[in-house]
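To begin, one chain is listed below as structure tokens, in the form predicted alone.
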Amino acid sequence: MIDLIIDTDPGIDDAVAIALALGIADVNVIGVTTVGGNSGLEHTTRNALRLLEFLGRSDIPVASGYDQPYGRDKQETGYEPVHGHDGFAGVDLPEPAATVVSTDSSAFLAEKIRGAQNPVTLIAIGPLTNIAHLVDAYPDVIPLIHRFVIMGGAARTGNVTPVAEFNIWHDPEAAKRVFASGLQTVMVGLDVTHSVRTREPLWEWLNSKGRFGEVFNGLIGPYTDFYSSFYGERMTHQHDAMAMAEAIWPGLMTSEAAFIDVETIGELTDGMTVVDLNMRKGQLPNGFVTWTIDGDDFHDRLMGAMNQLATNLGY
């Protein structure tokens, strides 16, 4: 059993990742924090609450965090053709009965980490703003985190610029602070997430899952439409769900120790994750870069967990 804390900016692929976690019996999600990224904080917080309500887990406490980046003026949030105007492609979800338990994500995270009954895995699948503030405000809890996994960055490519991935690009100063914090970071970046294509027929099982299927088809359909317009193929890259898979099943991906830093001032390289596999300046590794995953195995685990969740809900 692991105690899992999810820092997120829902976000269509965030919704899939959260559903994956909730479909695994030996994963205990003890808290969720929200951050601005795929949409503004107001939307991402509402989306987290609505999603948990729909998935029957309104018992999981949600704390809101930061909308403003850590070290610069506010970036543009999201990109409407990907996630829609509200982050969830306008999908109809119930209004939540629960509200946020805190608007201080740092204090909430520190409390949950200190009080956990099992080893804590912290996963960040949005910009790292909340985590940077946690590092500043509560450095004593950092050694208590058993594993820290992020969806973000890349060693070889980008998706917002030629070299920068969105979550890091959105708040590079926060990412730089986190990589320098002593947290050994497992970086699930575009190098591995772009290696797996989740093709549209893999979701056909949703058609027999009633309301659950209706909601997730409503999320994944527009996401697939965007990928089709961009890549010319009816598929998606499930970035956040792949990071969640590595968080739940450590070692699912091949990885390599590295020293990772973030470019914050380059005219052409702002937001780039700079990955040094050879420690050329004598640094010690501060994380792991993930490279490969068995795509068929990932899909079996993802679809199996979501199917189990849908069955449990009985929608």
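In case it trips you up, residue 1 is the first one in the sequence shown, and so on. As the structure is a computational prediction, the values presented were derived from the model and not from experiment.
Unshown form predicted in complex with a small molecule; subsequent notes refer to it.
For Met151, a non-hydrogen atom is located within 4.5 Å of the small molecule in the predicted complex, even though that partner is not displayed.
Although the partner is absent here, His239 sits close enough that one of its heavy atoms falls within 4.5 Å of the small molecule in the predicted complex. Taking the partner from the other structure, the small molecule in the predicted complex has a heavy atom within 4.5 Å of a heavy atom of Asn38. The small molecule is not shown here, and in the predicted complex it never comes within 4.5 Å of any heavy atom of Asn130. Screening Asn159, Ser102, Asn217, Ser106 for any heavy atom within 4.5 Å of the small molecule in the predicted complex leaves a single hit, Asn159.
The stretch in contact with the small molecule in the predicted complex, judged by heavy atoms within 4.5 Å, is 7-15, chosen from 303-311, 21-29, 289-297, 7-15.
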